[in-house]
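One chain is shown next in structure tokens, namely the form predicted on its own.
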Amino acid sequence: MALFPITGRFVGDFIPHLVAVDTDDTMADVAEKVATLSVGHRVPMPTDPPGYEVLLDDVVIPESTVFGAVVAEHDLMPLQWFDVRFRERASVAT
């Protein structure tokens, strides 16, 4: 358990944030920490929020993945850029 500073940006917001995340946090926790700083402030909250997802280099990281594992796997340095967005809804086939 250690704090790790990241640069987090919610897609649609023009302000990136310095966010302290814990290496034991899941990516769902990371998403919530970043989203809290933008959604409802500069990014409108949808009426039926679909949840959030975290992207590293435009690749979605599964929400149950532990942040420390991502740091180790990608050999990340402090202040690494992460994007967070509303989870994309699955297309409905008719």
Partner chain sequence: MLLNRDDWYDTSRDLDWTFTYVEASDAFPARWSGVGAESADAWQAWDEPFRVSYRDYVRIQREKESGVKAVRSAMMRAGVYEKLDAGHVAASHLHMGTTCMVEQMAVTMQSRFCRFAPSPRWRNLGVFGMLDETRHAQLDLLFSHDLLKFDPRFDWAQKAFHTNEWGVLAVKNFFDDIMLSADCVEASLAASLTVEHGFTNIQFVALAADAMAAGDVNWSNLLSSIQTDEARHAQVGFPTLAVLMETDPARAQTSLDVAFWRSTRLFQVLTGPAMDYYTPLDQRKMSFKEFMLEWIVNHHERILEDYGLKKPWYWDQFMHSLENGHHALHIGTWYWRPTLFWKPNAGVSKDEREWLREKYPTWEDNWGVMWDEIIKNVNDDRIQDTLPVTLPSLCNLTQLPIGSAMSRHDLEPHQLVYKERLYSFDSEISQWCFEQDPERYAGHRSFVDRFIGGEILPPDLGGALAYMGLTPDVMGDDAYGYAWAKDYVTAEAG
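All values derive from a computational prediction rather than experimental measurement. Positions refer to the first chain, counted from 1.
The discussion below concerns the form predicted together with the partner chain, not included here.
Although the partner is absent here, L55 lies well away from the partner chain in the predicted bound form, with no heavy atom inside 4.5 Å. Contact annotation: V60 falls outside 4.5 Å of the partner chain in the predicted bound form, judged by heavy atom distances.
With a 4.5 Å cutoff on heavy atoms, P50 does not count as touching the partner chain in the predicted bound form; it lies far away. At the 4.5 Å threshold, heavy atoms of V43 reach the partner chain in the predicted bound form. Residues M77, P78, L79, Q80, W81 of 54-83 are found to place at least one heavy atom within 4.5 Å of the partner chain in the predicted bound form.
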